[in-house]
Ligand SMILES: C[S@@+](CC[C@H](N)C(=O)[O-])C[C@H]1O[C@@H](n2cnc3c(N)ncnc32)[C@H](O)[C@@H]1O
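Heads up, the chain below is alone and in the form predicted alone; it's given as structure tokens.
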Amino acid sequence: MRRQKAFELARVYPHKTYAQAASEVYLNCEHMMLEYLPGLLLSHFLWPHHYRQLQFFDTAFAAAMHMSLQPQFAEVGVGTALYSRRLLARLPQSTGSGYDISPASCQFARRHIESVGLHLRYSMNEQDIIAQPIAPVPWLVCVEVLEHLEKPVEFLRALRVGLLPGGKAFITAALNAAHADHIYLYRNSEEVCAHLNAAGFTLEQSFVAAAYGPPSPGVPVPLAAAFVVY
């Protein structure tokens, strides 16, 4: 919240490279396992905009996947594996793979999926999908990764390669959210849409929700923006 208050005044994120963010956060196993990942998991049930995003995921993506004859999916930037767990639990015929560059995220995700008995239908991979592309799947999930990158479009193009023709992807971004590991500042959903289009995706539907109301007119607040694309 201190970072967010500073952002309200400066309207920019402090300069930080991806290498710096990775060293401070993603590769800091103690911080990831004891603070970052548990907090991220809880945020989807305590923060209204994250919870509403989960509901959008269920109705706009999981429901469509339930009707599919190809219920194989991949989640890139798996974090806690909450979205993967949601698909595996709601679609008993589904199988999935998770991908993340953080050893702690991979460990946390495995434990999470194992704790609910869904691990036989899921594999977890410590993998950079730009350096090592994933095998294409008909259903793709990527939640709040773009703002962590210096070049989001390059990453989105790698995601596009991982989506089979006729497949659908659920991609989200955090806007105006000054977290320690947020590098790329998205100010509105149109900026994310422009990057999705540049990477070759076509928008089907989208969703935006605010974390809270602005303290005064014109003050930027954190937003969750989600997109179903093909």
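The model shown is predicted, which means the values in this text are computed figures rather than measured ones. Numbering starts at 1 and runs along the sequence shown.
Below: the form predicted in complex with the ligand, not depicted.
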property: Site check 87, 138 and 171: each within 4.5 Å of the ligand in the model of the complex by heavy atom; result: no
property: In the model of the complex, residue 148 touching the ligand (heavy atom, 4.5 Å); result: yes
property: Residue 207, heavy atom within 4.5 angstroms of the ligand in the model of the complex; result: no
property: Contact label in the model of the complex: residue 95 to the ligand, heavy atom within 4.5 Å; result: no
property: 4.5 Å heavy atom contact, residue 195 and the ligand in the model of the complex; result: no
property: Sequence-ordered list of residues in 1 to 32 near the ligand in the model of the complex, where near means a heavy atom within 4.5 Å; result: 18, 26, 32
